[in-house]
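Just the one chain here, laid out as structure tokens, in the form predicted on its own.
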Amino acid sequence: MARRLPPVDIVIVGMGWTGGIMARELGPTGQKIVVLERGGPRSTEEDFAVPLIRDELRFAQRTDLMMDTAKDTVSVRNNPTEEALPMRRLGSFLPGEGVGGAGAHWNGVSWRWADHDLKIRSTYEARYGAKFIPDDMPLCDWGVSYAELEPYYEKFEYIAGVSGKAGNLRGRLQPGGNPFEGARKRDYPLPPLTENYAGRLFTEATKGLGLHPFARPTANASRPYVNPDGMQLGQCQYCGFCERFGCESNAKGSPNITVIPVALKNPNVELRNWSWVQKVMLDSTGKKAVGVAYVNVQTGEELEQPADLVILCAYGLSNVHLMLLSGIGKPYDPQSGVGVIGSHYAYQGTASQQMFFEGKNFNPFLATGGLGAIIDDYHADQGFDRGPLGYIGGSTITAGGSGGRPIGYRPTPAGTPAWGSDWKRATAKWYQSALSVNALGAVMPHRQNFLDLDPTYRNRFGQPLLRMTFDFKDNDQKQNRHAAELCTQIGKAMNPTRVNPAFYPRSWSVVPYQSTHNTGGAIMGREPGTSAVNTWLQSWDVSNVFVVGASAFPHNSAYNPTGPVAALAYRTAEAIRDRYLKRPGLLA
């Protein structure tokens, strides 16, 4: 029988970016806050110091900082006619586990999503007409605007120490930045990272094509920085061990060195590690949360933590899983299209062109997670006509490299044997001289892409796994194919010696890594019948439950998701602090 603990005011599930932001922002209210993190503690001194952190086998290949699929995983299939099977090892995406979550091992790329993303249905209807949107694509606006999120984007960028160059300051375009971005009140807190040779070649080629390259905005500090909370970030060392790794020099703006330490300085904020939340407990009406049930994974003890307010801040997929296990909201039914929990699951598309340059030296080992130049021309709303192409969405395209590590980075021309002496000679010859142009694409919601509970497979606690049904649909395929053509065009302009055939996925597979950008399943909106949470990320059905993270996204963009995840978290924390705690109930 579970042991019942003394009640608290607020319980937060998960201690990554969103959990850290919520604990940091709500701690000063005086509320007694408990944060439950299912993984262990992490610190730069104990876990990310040199030489420990520069272990490619442990962290990049064996994914030491990520979810342990032997304990919990998801089952996957491409369509509802197939039997879903458990993901036995991480591949396509890499959810984090432990303090900091995925924010401990992210690469730092930080975007502000613009109005054309946040008002996506109304934008496309106004430009192309309602019939341009397929009947099986439940596209919807988010219920918030860029102007509403702008101050929260800024707050996150200054907390995380984002390096970049503004493209639009108070409505005036700035040279060197993204000319398609929404207006911002202030520039980034730090200048862009040092340009590398790969980024320079890409910049020259894309400018020659009439495009608009700029340095990727990224939370890799280009110089030492002290954020508004007084937390110190070191200067990026371009060590090449960034994404999939913690940062040895505290140069990557992560929750571990920003919001979490500040939150834990507050005596009324308590962090409990190794606390695996199994469900949100509801009262007899099913309309009010009374706390959470969890297991101490080190001792096996079952516990109940009563609380007046429950905030789900786990990874997006885990947020949806907990809502389904807890009976919060109506589960989505793909046959009828009725229900909201599990709907609008989306991922991201990709395309790439690998090239080889005789006599050029790119030094790929000198890199960081967000290094490189990028273009937004084929994702922005201005100037890019999707009408003749027949798809909704777009792609950002970049070159630069995030780390030429010896195990994972072995570029060779097409036709090279996969092993043996010829392969060794090819890797030695081309290691320094290879370069890829990569596209990251949006994915729109589809009626047959969704999340639900698996009827067969269970996790270590006997609970049904989360089942993922997803594949790239016709709209995604058109976009990915076009992105591959663009990569080829840009690659040709860079004048390589040899090229490999351009790649784009014809069907989604869980095996190769693509991006840790899973979105949807508990989407936000202005109407309870078509969304799981309101624009404050508050459950329509259980008003003292807030669900914070990319699970709220009604579609996925060609941009990385951390910027709006953090901005929405700050906005939600402000609403809880200034409105909900004063008068609990559904926020209008």
Partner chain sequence: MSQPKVGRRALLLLAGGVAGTAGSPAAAQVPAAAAASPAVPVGYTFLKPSEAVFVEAVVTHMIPADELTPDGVELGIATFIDRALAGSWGKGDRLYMHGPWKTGTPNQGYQLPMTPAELYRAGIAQTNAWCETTHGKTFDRLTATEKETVLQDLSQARLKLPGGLPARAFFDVVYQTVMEGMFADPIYGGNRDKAAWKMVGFPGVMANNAQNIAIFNDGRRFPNEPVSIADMS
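Numbering follows the first chain given and starts at 1. Not measured: the values here are computed from a predicted model.
Keep in mind that the form predicted in complex with the partner chain is missing from the display, and what follows is about it.
For K131, no non-hydrogen atom is located within 4.5 Å of the partner chain in the predicted bound form, even though that partner is not displayed. Taking the partner from elsewhere, D333 is found to have every heavy atom lying beyond 4.5 Å of the partner chain in the predicted bound form. Of the heavy atoms in G529, none are within 4.5 Å of the partner chain in the predicted bound form. The partner chain in the predicted bound form comes within 4.5 Å of no heavy atom belonging to E125. Every member of the trio R58, R405 and T456 reaches the partner chain in the predicted bound form with some non-hydrogen atom inside 4.5 Å.
Though the partner chain is absent from this view, in the predicted bound form it lies within 4.5 Å of a heavy atom of just one residue from V338, L85, A183, V226, which is L85.
The listed set N495, N266, S145, T427 contains one residue whose heavy atoms approach the partner chain in the predicted bound form to within 4.5 Å, identified as T427. Per the 4.5 Å heavy atom criterion, the partner chain in the predicted bound form is contacted by stretch 72-80, the sole one of 251-259, 441-449, 312-320, 72-80. Counting a residue when any of its non-hydrogen atoms is within 4.5 Å of the partner chain in the predicted bound form, the hits in 499-530 run S507, W508, S509, V510, V511.
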